[in-house]
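One chain comes next, on its own, written out as structure tokens in the form predicted alone.
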Amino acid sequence: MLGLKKKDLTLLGVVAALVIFAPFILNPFPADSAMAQFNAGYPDLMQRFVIFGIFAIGFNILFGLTGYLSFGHAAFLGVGSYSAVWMFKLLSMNVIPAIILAVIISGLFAMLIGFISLRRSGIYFSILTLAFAQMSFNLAYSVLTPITNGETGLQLTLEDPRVLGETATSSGGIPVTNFFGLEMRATETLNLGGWSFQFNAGYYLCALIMMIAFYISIRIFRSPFGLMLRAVKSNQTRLNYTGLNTRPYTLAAFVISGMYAGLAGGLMASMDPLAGAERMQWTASGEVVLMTILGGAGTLIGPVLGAGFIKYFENIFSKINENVLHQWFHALPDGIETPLVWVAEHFVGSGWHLTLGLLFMLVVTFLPGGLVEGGQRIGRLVRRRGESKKATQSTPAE
């Protein structure tokens, strides 16, 4: 079915179930409980989960399959965002043309950078991509101000021509992005007892596109093209000695990966029509590297898990401040509460990076294959225990 083997089809089904029921899964605690701080089922965060999942899936096609580590993929994320916002300004507020343009422009930009960068490999390739990303950032921040609006960022205005759409709403405001009339910010809320679940149109559009992107990545991984990329990662020198030119394959992987990043950037602009140079900074490129390694480089679902993990920490743990900690530990004696809060506040709030760094160190040290390897180990342990239990039960008593 869909050209996939049973294992891959099952994996696709699991991912589909997770994204469909995310509003329920990510809101496990009642809205008025103390643990509601850890709920993540609100539209903005769910959109980030799937958008950065797309970004990481694309990066994994390059890094996970070929072993080429790019430190400049944020450049394509930024180019995609700028392209989408310009489409909103000039054509219409429909997100589909904007997303298509973001993918095309990012692909062309990736082809240019990849053609030059792939002349080198290893650390030299990584440095070249980082240099291109930083040049792109500085161009967007200052030199190309008429196109990017500099440090303020590119955003919609009432003066935009917008050929195929209204320039202003009936109330005189700026129109909102839509999918053939369905507004991306449209949200329905379902209240069940103390729980509140939000269903957002923008999230489900992003989730649908992520599922398509995930399906394409599976087909790439299982295709002869994907096998060739694995061979490049295994021993590119040996392939070159056979007379095979590997550059077209690596360039194709680089362009596809850049188009995924552009797609993510276009979706970011579609959910919030604003594009800024900060999306091209080297820190954004480093973030997608962390997502991929943390989830499991070279695996299918690993980058998605890594993206969700990091974005959860960034948006949930960073909001836990001293007041929240005092509410949690208020039942303890002052002599214990105060030092406990003092220690805990260094790992949450503005110090959430410390917690993420420690977790990343533990994963890299004990789970080189990322979160996917951890899940596989747990699965094997459960199966062994089940088999042991069945063997014990089937042994006849003496």
Partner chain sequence: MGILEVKNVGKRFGGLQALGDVNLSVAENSVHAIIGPNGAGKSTLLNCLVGKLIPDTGSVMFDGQSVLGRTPYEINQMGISRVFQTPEIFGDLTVMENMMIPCFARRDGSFKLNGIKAVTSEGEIRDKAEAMLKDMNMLEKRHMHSASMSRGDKRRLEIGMCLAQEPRLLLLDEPTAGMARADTNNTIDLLKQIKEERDITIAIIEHDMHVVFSLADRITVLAQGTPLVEDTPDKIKGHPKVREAYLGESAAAA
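On a predicted model such as this, the values are computed, not experimentally measured, just so you know. Numbering follows the first chain given and starts at 1.
There is another form of the same protein, the form predicted together with its partner chain; it is not shown, and what comes next is about it.
K.L.:
Quick one: find which of 281-289, 183-191, 163-171, 228-236 has residues within 4.5 Å of its partner chain in the predicted complex by heavy atom distance.
P.N.:
Among the candidates, contact is made by 228-236.
K.L.:
At 4.5 Å between heavy atoms, is Pro146 in contact with its partner chain in the predicted complex?
P.N.:
Contact with its partner chain, no.
K.L.:
Can you check whether Asn323 is within 4.5 Å of its partner chain in the predicted complex, heavy atom basis?
P.N.:
No.
K.L.:
With a cut-off of 4.5 Å between heavy atoms, is Tyr241 one of the residues that contacts its partner chain in the predicted complex?
P.N.:
Answer yes; at least one heavy atom of Tyr241 falls within 4.5 Å of its partner chain in the predicted complex.
K.L.:
Does the 4.5 Å heavy atom contact test between Tyr249 and its partner chain in the predicted complex come out positive?
P.N.:
Flag for Tyr249 set to yes.
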